[in-house]
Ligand SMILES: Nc1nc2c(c(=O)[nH]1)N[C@H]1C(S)=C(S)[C@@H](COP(=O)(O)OP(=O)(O)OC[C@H]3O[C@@H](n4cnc5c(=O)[nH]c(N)nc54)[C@H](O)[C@@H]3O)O[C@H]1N2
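Okay, here we've got a single chain as structure tokens, the form predicted alone, with questions on binding and movement later.
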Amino acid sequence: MSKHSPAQPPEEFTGIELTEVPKHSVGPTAIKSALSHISNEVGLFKGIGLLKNLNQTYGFDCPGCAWPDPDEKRAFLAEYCENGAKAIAEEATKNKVSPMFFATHSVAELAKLSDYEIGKSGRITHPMYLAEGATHYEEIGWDKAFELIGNELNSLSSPDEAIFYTSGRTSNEAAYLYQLFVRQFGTNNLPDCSNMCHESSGAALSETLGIGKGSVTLDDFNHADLVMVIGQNPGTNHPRMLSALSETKRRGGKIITVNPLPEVGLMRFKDPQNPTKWIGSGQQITDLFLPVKINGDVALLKIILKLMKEAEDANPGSVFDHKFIKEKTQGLDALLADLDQYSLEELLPQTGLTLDQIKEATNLILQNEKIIICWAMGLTQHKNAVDNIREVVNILLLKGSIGKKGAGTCPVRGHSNVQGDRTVGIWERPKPAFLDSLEKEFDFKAPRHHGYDVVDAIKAMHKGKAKVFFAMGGNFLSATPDTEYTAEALQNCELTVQVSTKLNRSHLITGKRALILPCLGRSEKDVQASGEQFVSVENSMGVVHQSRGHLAPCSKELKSEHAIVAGLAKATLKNSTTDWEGLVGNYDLIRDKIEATIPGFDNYNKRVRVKGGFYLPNNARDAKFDSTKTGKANFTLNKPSDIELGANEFLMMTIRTHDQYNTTIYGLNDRYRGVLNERRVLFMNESDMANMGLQKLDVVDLHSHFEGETRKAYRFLVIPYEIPPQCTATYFPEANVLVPISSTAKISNTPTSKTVIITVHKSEL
């Protein structure tokens, strides 16, 4: 009996092979893997031509992660990582999803495929329409598609019945036009992928430092004495970051890694750009590894703070930067008093670590002042995620390690322009000053009430309060929590629209009617009325730079995202005075509008043409905190986890494989964890397996438990792994069905994909 739902990947196994976990990351194996993907998808000759322009100064920006490029010299032919090469191979693939493809394959048939198989179908070449009750998508003209969307939007009883989602791939210019259209239409319903990843970072950093972005530059890693990487796996998710960490080590810096799993990429590294370093065991990256329990981060950081306070009390002035604290911060006394309310005996069990391990980490912090702390989803997707990041800031403030060379905060963003999209206005809670500037520049009345974030948007669709869903990129269904609930929400809509490059599962779980609008990829030329255009993006460290595609579009029917927004606006807005056609004809004009309405973009068109682009203002980088409510950097009081597991209950976190970026699955291998040709696996502590009577590769079902509700995911293979007791890990999107829609982080409302309470059962199937 099959439990498969079209909303989820099928439960069939694909032939698992377990291998020894590698001793090092990257090196010639990564090069071989990258070239293999390029050769298979694009062809080696064309692929190498593509790669030589990837992340180069006048080339195109990688559509994968947002790790920054060097300000100065860039590597000849190799300013990219293995997964960047995979991303380009996916985008430039020879495979096409044409109208004939859709005529041949019904929606129901396609939904039976795995996410990997769906993605490998290829690039979408024409706009497609799924009529109500139809079994197949059919080709539709662009004008007809825009007319259909415009009519549907204008038939709504309120603009707030429409939701406009954005993925982090959209350029600054396209995102700015998109939010302008949405606000002229009359709503702030602009959820984006930030809501599911670094929203917790933005909330915590804005409160404490006055800016929701990190404070460091790439060059700061060349000057850091100590880097702490917590809740992050750069070897898979941001591989180019390993080069920065390698440089920190080369210059004598130390690195602490905090993570439930001992990820290979943070242990040893072989520089792919230096063949002389391929011999031997590779460069050691991590000096101290702390295998913290899932959601034990606040407890760990609070113990470190207590030990710092103890050392300062024993030798006043030896630990805390009192000059920085007095001049720049607020709330120290309250923090120190709050620390006294917690005992080591109370906190230590939550961490799964020994006190000696934590003391060793604390000693490294005590001995150094130039400290960078990096983090990603391992901190941001918990109920107390905002507390996690605020506690990180507490440590840095005590040391005065913000606003100086080689020190500061480093939230490592995922999608390539997720930070830039937020900068140019993609946010459901816009600030009044931004709306004022839009109204002045474009002569319209902007909506002032807050819109839906991702979780609230899903709930609104599920309740029938939202009837049109429009996605500018991404794979919404597979990226979001509570898969079946989200599927029902989308199916409740009158119309769902996806702007996409490639086929994904969100095209197959639709509203009553559905449209797929194919757009240009990053690597493709964008020619408009005034000639060939370039776009700009903002990386993780606030550098705005240009991206210019070099390939001919894979189909003459593709439109840029800018042109799609303009077509949508002209078909929908009856009283807009905006020259949509003129803006799309010359992207310089869009940049002029961004400059006129958003601080920091002075001389945008001139500076973005300068080699390497330009840095946006960053008050935390300059140690100026007057934009906070207190006018200073704020110490905060934070609470450790309140989760208490029952008998035979485990905490589960969702993770990526090495052959995956976000919801895009490049292959079926996770070689850095020794798992080949399979995705339906559960990593589990060996002692927990013994207690449960489980053997390696036993087939189990997973049940998640939240507020009396049970969700189930079927048929996973158990793998013994180095992970703390009562902690487990699974891949997404396969396990997203287990993440409850209402289990979210306090303040940020981010889904708690890293703290799902589950029980493990021998499979029913």
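Everything quoted here is computed from the prediction, not taken from an experiment. In case it trips you up, residue 1 is the first one in the sequence shown, and so on.
From this point on, the text means the form predicted in complex with the named molecule, which you will not see here.
Taking the partner from the other structure, the named molecule in the predicted bound form has a heavy atom within 4.5 Å of a heavy atom of residue 739.
In the predicted bound form, the named molecule sits beyond 4.5 Å of every heavy atom of residue 127. In the predicted bound form, the named molecule sits beyond 4.5 Å of every heavy atom of residue 209. Contact check for residue 425: no non-hydrogen atom falls within 4.5 Å of the named molecule in the predicted bound form. Contact annotation: the named molecule lies within 4.5 Å of heavy atoms from the stretch 497-505 in the predicted bound form, the single such stretch among 301-309, 351-359, 402-410, 497-505. Shown without its partner, this chain lists 486, 172, 83, 201 as candidates; in the predicted bound form, only 83 has a non-hydrogen atom within 4.5 angstroms of the named molecule. The partner is absent here; in the predicted bound form, the one residue of 664, 669, 540, 546 having a heavy atom within 4.5 Å of the named molecule is 664. Across the proposed site, 65, 297 and 472 without exception bring a heavy atom within 4.5 Å of the named molecule in the predicted bound form. Residues from 630-661 that approach the named molecule in the predicted bound form with a non-hydrogen atom closer than or equal to 4.5 Å are 653, 654, 655, 656, 660, 661, in the order they occur in the chain.
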